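Shown here is one chain on its own, the form predicted on its own, set out as structure tokens.
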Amino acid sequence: MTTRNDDQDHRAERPAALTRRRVVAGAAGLGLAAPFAGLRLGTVAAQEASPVPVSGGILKVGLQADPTALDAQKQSLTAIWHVVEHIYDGLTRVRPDLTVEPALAERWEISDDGLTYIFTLREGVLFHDGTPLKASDVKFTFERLVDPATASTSAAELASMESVEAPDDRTVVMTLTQPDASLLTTLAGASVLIYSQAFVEANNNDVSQVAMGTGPFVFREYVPNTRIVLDRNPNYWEEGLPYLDGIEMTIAADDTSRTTAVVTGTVDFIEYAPLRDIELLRQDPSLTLAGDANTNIRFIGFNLTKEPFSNPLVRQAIAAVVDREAMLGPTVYGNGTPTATLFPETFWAALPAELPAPDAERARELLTEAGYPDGFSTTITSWSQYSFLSNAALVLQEQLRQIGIEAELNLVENATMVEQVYTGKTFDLAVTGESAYVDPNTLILGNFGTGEAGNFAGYSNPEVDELIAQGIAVTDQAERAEIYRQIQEILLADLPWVNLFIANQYEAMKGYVKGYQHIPNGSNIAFRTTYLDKG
């Protein structure tokens, strides 16, 4: 059977056996359950707004870190995402409750076998240069991501895609190798924000320092380690948005400078409100806080291709000596949850597990069994611009000394961290993190799938690979949850990572900043509905 959209008679024939699951803006997103059941989504879920939003004004934002570049397909870096999400749109996007809603795709249809997705693009969407968005741009974007020449660490995001076609300007047909229950969530991610083919090609496939999309704000300027300037898109497809005339982002990596900036009014808004200052910020009557628990995990990653970390006994020894509770104070000032597993206990794919107590004696026994009775010397590499990670590295250094491991700290800025850990893979131990996942596959496939570009630890387990494939092929959430629990049990035994804690995340803003909503994956996409009401 073939179905046809009646108002588009010229459209190409649909693939057979389609189930019409149309999604329109504001619908329930295919009934996808909120990933966090019972999780406090924020101290401020949505600010009280004046009856009529105020248009105009420049939102001054203090950023945690320099993005280093603007091409989210080339690097998987939160700091890039926090800039480009305002310039580009995806086919879908994530709501504050972490369900999925339409964005550039006004609706989609899924075949009965789950192998074919047909997306209908919104009519009249323009890129910032005035050219129309076409299905061919979507095809180009997706194929660029998975092209080996792009060398994207996020290529696994579209691992299930067999092909993508653009039979006409508003229709995108994606064919999968197997059903993928995570696909609609994946398509809301930074690596699949839609590029203009003409713009990328005009820039010789280098959009690391320039950007041009369909999003609510237009790129004007990027001065590395200094600022990013965005202007209002007057032709944005969401009528009446954005309210702001623009956004000026200042790189304020130092926690003290970021807190001072929002307290004194140098900026209106800061991301990653310093966790040591949360109570101070909360007590300031001129400020509003948004946030709480977020989808992130902070961990120790081992380079499994190097001795002695290729030895599982060494990894077990380090896991045994780690005191997660002791880390919480110096790293997140109590604003987090210690964990040995990947997901928060309220997440639907969480593995219930008790937090293991540190056991230095057992750790020394394991090192002796591994052939290192006197310990060894190594290096811990971490992010200098993220204090909750660099502080964790410092605490880990002290804890490892208990079992004779002398670790030199290598705290580096973002670009160097990416090169040493994620691309060059020259590190020993890395104290790092992952964030912004909505579906468990986003976190698991890229980091633990054999040969995946994002798998910086070099981990490989055929059983895990098979379970990963099963996890996206199954659509029932309870069945998927059991599969991801099995994966986590294997990871706890193999220990490519030692998980440390889940950090809370907050944004702090002046009271006149209205309409902002915290999203637990860390996105600031709500800037498109934010306005300044200084009344």
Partner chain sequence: MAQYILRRVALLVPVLLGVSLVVFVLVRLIPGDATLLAIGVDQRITPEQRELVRKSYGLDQPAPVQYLRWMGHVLRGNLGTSLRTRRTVNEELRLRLPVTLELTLLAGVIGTVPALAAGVVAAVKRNSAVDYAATVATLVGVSVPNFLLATLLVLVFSFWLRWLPPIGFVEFTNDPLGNLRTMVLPAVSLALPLAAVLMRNTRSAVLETLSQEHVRVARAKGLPQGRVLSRHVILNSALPILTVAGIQVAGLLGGTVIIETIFGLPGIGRYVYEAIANRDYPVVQGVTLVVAALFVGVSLAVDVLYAVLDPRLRTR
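Positions refer to the first chain, counted from 1. None of these values were measured; they are calculated from a predicted model.
There is another form of the same protein, the form predicted together with its partner chain; it is not shown, and what comes next is about it.
- Residue-level contacts in the predicted bound form: of Ser111, Gln197, Asn203, Ser435, one residue has a heavy atom within 4.5 Å of its partner chain, and it is Ser435.
- Checking Ile247, Ala293, Ala261, Val321 against its partner chain in the predicted bound form, a heavy atom within 4.5 Å turns up for just one residue: Ala261.
- In the predicted bound form, every residue of the candidate spot (Gln75, Glu157 and Glu452) has a heavy atom lying within 4.5 Å of its partner chain.
- For Ala69, a non-hydrogen atom is located within 4.5 Å of its partner chain in the predicted bound form, even though that partner is not displayed.
- Contact annotation for Thr423: at least one heavy atom lies within 4.5 Å of its partner chain in the predicted bound form.
- Within 4.5 Å of any heavy atom of its partner chain in the predicted bound form lies no heavy atom of Tyr333.
- Not displayed here, its partner chain is approached by Pro148 to within 4.5 Å at the level of heavy atoms in the predicted bound form.
- None of 75-83, 341-349, 101-109, 364-372 except one has non-hydrogen atoms within 4.5 angstroms of its partner chain in the predicted bound form; the exception is 75-83.
- Residues are counted as partner-facing when one of their heavy atoms sits within 4.5 Å of its partner chain in the predicted bound form; in 214-252 these are Tyr222, Val223, Pro224, Asn225, Thr226, Arg227, Thr250, Ile251, Ala252, in sequence order.
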